[in-house]
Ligand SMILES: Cc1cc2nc3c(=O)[nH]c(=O)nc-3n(C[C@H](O)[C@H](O)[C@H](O)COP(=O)(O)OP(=O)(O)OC[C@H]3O[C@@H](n4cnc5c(N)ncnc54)[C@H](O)[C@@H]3O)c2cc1C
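Presented as structure tokens, the chain that follows is alone, the form predicted alone.
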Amino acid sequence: MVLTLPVDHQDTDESDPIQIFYATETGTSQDIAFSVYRHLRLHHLPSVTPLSFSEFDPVSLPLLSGPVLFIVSTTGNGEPTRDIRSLWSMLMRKDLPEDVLDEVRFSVFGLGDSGYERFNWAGKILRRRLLALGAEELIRDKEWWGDERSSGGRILTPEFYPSSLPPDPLPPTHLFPPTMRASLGPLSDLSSRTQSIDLSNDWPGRDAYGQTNLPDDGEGWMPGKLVRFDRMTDEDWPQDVRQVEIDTEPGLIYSPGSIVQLVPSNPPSSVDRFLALQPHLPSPSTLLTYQAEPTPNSGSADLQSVNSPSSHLKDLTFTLYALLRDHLDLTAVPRRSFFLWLRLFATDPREVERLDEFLDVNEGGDDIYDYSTKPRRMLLEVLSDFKGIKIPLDYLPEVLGRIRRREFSIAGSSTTHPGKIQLCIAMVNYKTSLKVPRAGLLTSWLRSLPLGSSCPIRVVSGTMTVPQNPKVPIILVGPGTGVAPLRAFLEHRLLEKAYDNTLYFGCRSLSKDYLYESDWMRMEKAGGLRLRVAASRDQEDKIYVQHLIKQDAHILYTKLTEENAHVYISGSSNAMPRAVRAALLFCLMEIGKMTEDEGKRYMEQMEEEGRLCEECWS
């Protein structure tokens, strides 16, 4: 996909730097943002290193000069990602003047998943709101929405000022200096280092974190201790779901619907394999400190390091082994930018030719998809196919990227379980088309941790919140592990003496994967829960939660239209959310005699009022 931003030079100062902002949860938008930035630098165009919205002050938006590109991902059912929500709140204020952004010239490139009902909703709403507040769109009468389910949907090559690009761009294989450089020191330098130092090479566990070596990508991290890792599904059942419990700091309070972030480590086998593939790197016990490197466009080492994808490592000291184990991602399925990095370091003619095919703008998206994305070929496996490529030490953080934080809905109330966080996590084990057994990084890490191990956590707000009025009925739909945040809702509601609660839970078999059965029985016996369970494989005709919703059409119609009930849908984003929404629409049409358009409008109104919420994942 080629994105062209036509700008009339009569209205544009070519010295204005092009500013790029990205909103992301999984790193895709960040990956594209830095590809855009590289393209601009190759054409000698003034630009500012891409900035996450989490580092952006929303109040400064009206003051932006020069072209601005917003690269925005969508999460949940059209929700903005966490890093853009402060800007989102500011833009949605009703007291803003209609011309408050009349000096802003922008374009929005959205990323989404067409499997969701509200495809690319966050990008579309952002674009609409910017226009409503007087901003000028650089791409007129054109929308750019990338589909993450498309093989080529993530490729973005922007061309700013196409009518007057400098005549002599740098070659596509030009290697810019690294954003940070590593200084080396032997273990004897230990006493001279003042930053947190992690010298432990053992895995599992991250004992060196303790009080001082918590993850360094922002505030809010706190020590935790793994105290429970119990299987919830039957031993002979193929899906392994675990009840994970982490002891936290005393007095920690979080609201129902909150999310916990965990940081897994790479296993020793992955670190050893990487080091074997990159024998030019120094000894694993070598001490490293990464320091910022200024660039011509940023003009400042500090600015460059703050905005770079590896900024979280700035001025920290660790061994090479600890860097690879705890900070850099060795098991991800690489994106297009990784293959570009490999091309920059490639010297073998055969490897150069193959990488050039991957990076072809017209056909390379499909090649990368077929080679890497579709079979889920991991980074280490790619490096095994390109053995001639050696990644310089200074570039490691930029090329490999940071280990992604894993997020899970908390499955309990902080009042019911003081000083603890309970999670319901499905272990990820599968075989790819490469016929290689796979285990998720977090799965491998958790399975290896002895009880009592250090387990740093960060609690953040979720997208679903429980009604403040205890008299308001709630309808909860949560098949499988999607029931986790709903359990927290119910525990909180019963403490508040709010008893009008209905849960639609889905599993395959009552005897194999009926999660939290004893909890539901206890709540039902106490009169605080109306429980409906769809065990899809326990009878010849499969029954899912949407079938039970249709059976309850009379009850649900009354709750939705007369009692202003809130509906919460949580779980996989495949077919379930759409099927549940269709079942709710059936209730409105069958009992309320609404037309399809009337029913859809009513459900849209529920969403606008916060009465229909969805938190699903792919």
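Whichever C-alpha set is largest while still superposing within 1.5 Å between the two forms counts as the rigid core. Quick caveat, the model's predicted, so the values are computed rather than measured. The first residue of the shown sequence is 1; numbering continues from there.
From this point on, the text means the form predicted together with the ligand, which you will not see here.
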Review point. Just one of G440, P392, P282, G185 has a heavy atom within 4.5 angstroms of the ligand in the model of the complex, so which one?
Key: G440
Point to revise | The single option of R530, R522, K512, R404 touching the ligand in the model of the complex, heavy atom within 4.5 Å | key: R404
Review point. Given that the partner is absent here, does Y371 sit within 4.5 Å of the ligand in the model of the complex, heavy atoms only?
Key: no
Practice item. May I ask you to check whether R82 falls inside a 4.5 Å heavy atom distance of the ligand in the model of the complex? Key: yes
Review point. Going by a heavy atom distance of 4.5 Å, is A426 a contact of the ligand in the model of the complex?
Key: yes
Exercise for review: Would you please decide whether F386 lies within 4.5 angstroms of the ligand in the model of the complex, comparing each non-hydrogen atom pair?
Suggested key: no
Study note, to complete from the structure: Given 350-358, 170-178, 426-434, 336-344, the stretch touching the ligand in the model of the complex at heavy atoms within 4.5 Å is 426-434
Study note, to complete from the structure: Restricting to 17-38, the residues within 4.5 Å of the ligand in the model of the complex through any heavy atom are E25
Point to revise | Core-superposed C-alpha of E598 shifting 2 Å or more between the shown form and the other one | key: no
Review point. Can we say the CA of E607 moves by at least 2 Å between the shown form and the other one when the core is superposed?
Key: no
**Study point:** Threshold 2 Å Cα movement between the shown form and the other one for N564, core superposed
**Key:** no
